[in-house]
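Shown next as structure tokens: one chain only, the form predicted alone.
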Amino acid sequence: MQRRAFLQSLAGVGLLAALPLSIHRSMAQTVQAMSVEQLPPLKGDLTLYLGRGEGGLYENVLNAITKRNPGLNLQIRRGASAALANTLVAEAQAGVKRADLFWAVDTGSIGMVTDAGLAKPLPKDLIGQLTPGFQYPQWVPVTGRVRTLPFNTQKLQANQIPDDIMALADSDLSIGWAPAYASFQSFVTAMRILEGEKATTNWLRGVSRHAKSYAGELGVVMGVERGEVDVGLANHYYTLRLKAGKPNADVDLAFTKNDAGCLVNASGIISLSDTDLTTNFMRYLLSHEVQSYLASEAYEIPLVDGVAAPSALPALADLSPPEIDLRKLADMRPTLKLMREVGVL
């Protein structure tokens, strides 16, 4: 979907054609994504705390929603998701309430706010729109992102890459990673929760012996494509974005199974005010149009049924992510302590 077409459709110029099913199509308890044409108009004042991310694409979504709903007065406070989560907790402790909604780019920040008891419960019909496994009573996952192993196709074939993330430490592959990057730290947090601190420490030490560090995960993928390293650790969309601009790029994706290496994380939104307006705003983010736009432009994974996943990415039902409460990724301090002790930070 092109950006202009999305903005027009969401602003009310017409209903988009239905897209084929791609995620958990056999699960009857999942509700088909609704069109914005089926949603009530948004009227009133809302303040949204918005975590920065996705190169302005979330801003495009918000602009289209406000254009479609001239009666909505949407005020936005922008910042890093973790910083905004800390602000929300501090405001609550001071008896101050400024935000009605919090849209974060990582579930760690979501966990900070829900653990503080600030999130309002959500109606079952809203939760029921989400893919099973991503249904939470106090927050709404908006789109997903899966951890992957991008590899250089001139050096390797997919079957040469371990499907167990822990085995990577003992391989002879050169590895690109971005230890200072928030997504990587969430991945290590998941590993610490699933495998324990000792195993995670040993893994970090093992990988560090043949790893090259990059400032971010797009840099990791570019380093893999240039042949600087054999394989990398990165969220899926960096590879898909690179290949969208360079279809013949020497990089492809491999996936591990049932471990932190295949963690499906999510951006998410919390309602901080118990009103119909906040709930209905969240419904717009789960609409067919918004989910399709974020899948086609941001290459994120839609989490409602009836919306096509990004091309060149396996359907969510065909992946093998670990079972983990994503809010637990908020427990970042032990992870950072461990990474500093190992010397990768």
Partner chain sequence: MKVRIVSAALALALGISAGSVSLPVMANGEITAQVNNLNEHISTYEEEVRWLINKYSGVVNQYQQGDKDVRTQALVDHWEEVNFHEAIETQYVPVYALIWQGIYGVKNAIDKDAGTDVVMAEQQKLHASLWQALGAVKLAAHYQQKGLLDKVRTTEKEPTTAPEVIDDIDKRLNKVVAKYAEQLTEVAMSLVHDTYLQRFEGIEGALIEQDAELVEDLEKDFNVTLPQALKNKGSVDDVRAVIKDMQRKLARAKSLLEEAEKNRKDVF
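Since this is a predicted model, take the numbers as computed values, not measurements. Residue numbers count along the first chain shown, from 1.
Omitted from view is the form predicted in complex with the partner chain, to which the following refers.
**Student:** In the predicted bound form, which of 218-226, 144-152, 91-99, 104-112 comes within 4.5 Å of the partner chain (heavy atoms)?
**Tutor:** Result of the contact check: 218-226.
**Student:** I need to confirm a contact call. Of His210, Arg205, Lys120, Lys246, which residue comes within 4.5 Å of the partner chain in the predicted bound form, counting heavy atoms only?
**Tutor:** After the contact test, the surviving option is Lys246.
**Student:** Within 4.5 Å of the partner chain in the predicted bound form, heavy atoms considered, which of Ala82, Leu130, Ile193, Leu242?
**Tutor:** Going through each option in turn, the one that passes is Leu242.
**Student:** If we define contact as a non-hydrogen atom of the residue within 4.5 angstroms of the partner, is Arg52 a contact of the partner chain in the predicted bound form?
**Tutor:** Residue-level check for Arg52: yes, a contact with the partner chain.
**Student:** Could you tell me if Gly56 has a non-hydrogen atom within 4.5 Å of the partner chain in the predicted bound form?
**Tutor:** Flag for Gly56 set to yes.
**Student:** Should Glu297 be classed as touching the partner chain in the predicted bound form when contacts are defined as heavy atoms within 4.5 Å?
**Tutor:** It does: once the partner chain is placed as it appears in the predicted bound form, Glu297 has a heavy atom within 4.5 Å of it.
**Student:** Is there a heavy atom of Leu277 lying 4.5 Å or less from a heavy atom of the partner chain in the predicted bound form?
**Tutor:** So Leu277 does not count as contacting the partner chain.
**Student:** Going by the partner chain in the predicted bound form, which residues of 60-84 come within 4.5 Å of it through any heavy atom?
**Tutor:** Those in contact are Asn60, Val61, Ala64, Ile65, Arg68, Arg78, Gly79.
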